[in-house]
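Encoded as structure tokens, the following chain is the form predicted on its own, with no partner shown.
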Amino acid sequence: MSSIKIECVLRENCRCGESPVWEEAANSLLFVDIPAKKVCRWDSLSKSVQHMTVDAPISSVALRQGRGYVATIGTKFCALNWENQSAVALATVDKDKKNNRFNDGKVDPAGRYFAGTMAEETAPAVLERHQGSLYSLFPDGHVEKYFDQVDISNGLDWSLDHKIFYYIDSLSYSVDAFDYDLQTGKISNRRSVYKLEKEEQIPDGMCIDTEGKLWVACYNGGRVIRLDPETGKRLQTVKLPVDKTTSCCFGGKDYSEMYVTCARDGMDPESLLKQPEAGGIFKITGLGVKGIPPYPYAG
């Protein structure tokens, strides 16, 4: 395991960096800084970063078939046009909950954009509980709600055969699985496949590798962990030099690099001195596994 290398490739000082997505066509990493209300695009070749600012917290971003991106901004699913820096609402959720916002989101293999909501935090991971729900924006533009009573809707991904949907509600300290019907987008039979241990702290963003194993970023745990969802066992722990690791994705030319986002909100000056790269983007190489390309929203 000594070949694993961890480097901070971008010292962005994100207040809460999230939702890393590899855009193969541009050799770039997309990610958001939620409270700063901005989406960022880091070019891995030129090492330059571009920003686009929106009018509400932006919690996830995804590729869109054809061109452009989609994102969750406030309680809206939006289309993003990078060229003219505009965001156009496609649908709005949780209209009865003025204090809510979207959190993590990801596109399924059929091109549906899944994303869940939560109450706005008063401090990191401190919020009114059971206010969130899980939604999906279908390619035809309609939205379906799956369930409510969610605390912090977070990491999500699908098994390689597309028959299982994996999902994290952070304050349950569990990685859950549902049976998944790719044709209809229906989910059923919720169960826990992994319960986090105390030192792993809070499960946040998640991605899958080509062996069907899950990688989960552990907020306040300063690590990503690799899980086998079939046995419920942790296979690997990779520790980072920052505590508030938030999400992860695979990227690079053959999807053998892992990119990890993190946060600095809620850290005191002493912690920031010890962790000067907090809020940066990290690249992990030498894991010996690859990921799969992200799916684009089909609408």
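Residue numbers run from 1 along the displayed sequence. Only a predicted model underlies this, so the values are computations on that prediction, with no experimental measurement involved.
Just so it is clear, the following notes concern the form predicted in complex with a small molecule, a form of the same protein that is not shown.
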Contacting member of 121, 209, 108, 228, with respect to the small molecule in the model of the complex [4.5 Å, heavy atom]: 121
Partner absent here, but in the model of the complex, which of 78-86, 199-207, 128-136, 180-188 has residues with a heavy atom within 4.5 Å of the small molecule? 199-207
Does residue 60 reach the small molecule in the model of the complex if we count a contact as any heavy atom within 4.5 Å? no
Although the small molecule is absent from this view, report whether residue 73 comes within 4.5 Å of it in the model of the complex, heavy atoms only. no
Does residue 100 reach the small molecule in the model of the complex if we count a contact as any heavy atom within 4.5 Å? no
Within a 4.5 Å heavy atom cut-off, is residue 114 in contact with the small molecule in the model of the complex? no
Looking in the model of the complex, is the small molecule within 4.5 angstroms of a heavy atom from every one of 16, 34 and 219? yes
